[in-house]
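Presented below, as C-alpha cells, is a lone chain in the form predicted alone.
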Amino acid sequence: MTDRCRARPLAITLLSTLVLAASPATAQTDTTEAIVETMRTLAGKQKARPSGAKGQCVVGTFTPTADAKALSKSIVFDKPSRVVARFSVGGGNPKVADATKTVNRGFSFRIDGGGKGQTEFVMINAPINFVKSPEQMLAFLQARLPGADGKPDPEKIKAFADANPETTLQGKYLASKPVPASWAGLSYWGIHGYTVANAAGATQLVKFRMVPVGGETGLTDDEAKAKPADFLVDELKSRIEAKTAAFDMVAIMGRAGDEKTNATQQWVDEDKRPTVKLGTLAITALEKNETCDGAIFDPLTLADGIAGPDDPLFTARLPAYAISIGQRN
C-alpha cells in the first residue's frame, strides 16, 4: 500500500471528526448520525453510498456567460473551468435497474474556478425535496425500517405519509414524468434558494437549474421494460462521443417573500419566473469512479459571490456526507 493510499482514509477520518466537532448542536449531530445509520440499514449495510449508490463519474468544462457576472462576482463565472461530476440513480442499491421510475436521478458537480475557488452543487431531477428538515428525514426513513418479518410495515409508512403529506410530493412529481432515457436528457435542480452577490454588492435570491441543451428525453413504460439494467452509462458514452452531453446552468429569479427554508415547496409560479443563463457545462469524458468515490461533493463549498441558505437541511449535508464517506472507506 502506498503512502497516498494510507493517507486518504486518515484524511477522511479527520474530516468526519472535525465536521462533527464543529456542529452547532449535539441534537443536530445525533440526528445526522442517525440519518446516515438508518440509510445504511435500509441499504443493507453495504460499502456503497447509502444514497445514489449507483452512478458514473465524468469530467467536463464549465463556460460562463457574460450575463453571469452581473449577478455574481464568483470566480467560477470569470472564465472556463474544469468540472468533475457524478451522475447517479437514487437509493442505496448499487445494482438498481437504470429504468426504475420510483427513484430520482442525481447530478453532483465541482467547478474548480480555475484553481482559485471551488464551487460544488448536489442536484436532483425534481424541483423539490422529499423532506423539509433533518428530523423529518429521520422519521421518514425510520418508518421504512423492516419489522420482525424483515419487511417494512405498509401501515406505518401510510400513517407517516398521512401525517406528513409534503413528503409525498417529490414521489408524485417523479411518477408524473416518463422514465429518464438519459442522465444528460434531464433537468436538475439545486432545490434550495441561494443568494448571489455581484461586485457592486447587489444581492439576488436565486435557484439553480441545469437544463439539458438537447432537451429532455424519456421512455414509455414499454421502452423502459425493454432496456438492459445498466443502459445509462453506454447512452451517456454515445452522447459524449457525439459532443451532445451538455447543460445550460440557469438562475431562476427569486423575489421578496419567497420561501427560503422549506425545500418541499416550489416558489409561486417558479416555472414561469425570469431566468438568467449563467453558463454551459459540457461533459467531455467518462472518468474512473474512484475519482468521485474518494471525496465528497459538498454543496457548502461555494466560492465568494454565492451563498447557501440558512437551512438545517442544507447545512446538515456536509456532516452527513463526511460520516458516510468515512464509513465507506
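Counting begins at 1, following the sequence as shown. In this text the structure is predicted, and so the values were computed from the model without any measurement.
If you look for the form predicted together with protoporphyrin IX containing FE (HEM), you will not find it shown, but the lines that follow are about it.
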Among the candidate residues S182, S108, S187, T119, which is the single one with a non-hydrogen atom no more than 4.5 Å from protoporphyrin IX containing FE (HEM) in the model of the complex?
S108
Only one of R209, K73, H192, R239 gets a heavy atom within 4.5 Å of protoporphyrin IX containing FE (HEM) in the model of the complex. Which one?
H192
A224 versus protoporphyrin IX containing FE (HEM), in the model of the complex: is there a non-hydrogen atom within 4.5 Å?
no
Taking the shortest heavy atom distance, is Q266 within 4.5 Å of protoporphyrin IX containing FE (HEM) in the model of the complex?
no
Considering non-hydrogen atoms and a 4.5 Å limit, does protoporphyrin IX containing FE (HEM) approach L278 in the model of the complex?
no
Does P134 make contact with protoporphyrin IX containing FE (HEM) in the model of the complex, using a 4.5 Å heavy atom cut-off?
yes
Out of the stretches listed (213-221, 100-108, 253-261, 153-161), which one is close to protoporphyrin IX containing FE (HEM) in the model of the complex, meaning heavy atoms within 4.5 Å?
100-108
Of the residues spanning 29-53, the ones with some heavy atom within 4.5 Å of protoporphyrin IX containing FE (HEM) in the model of the complex are I35, V36, M39, R49, P50, S51, G52
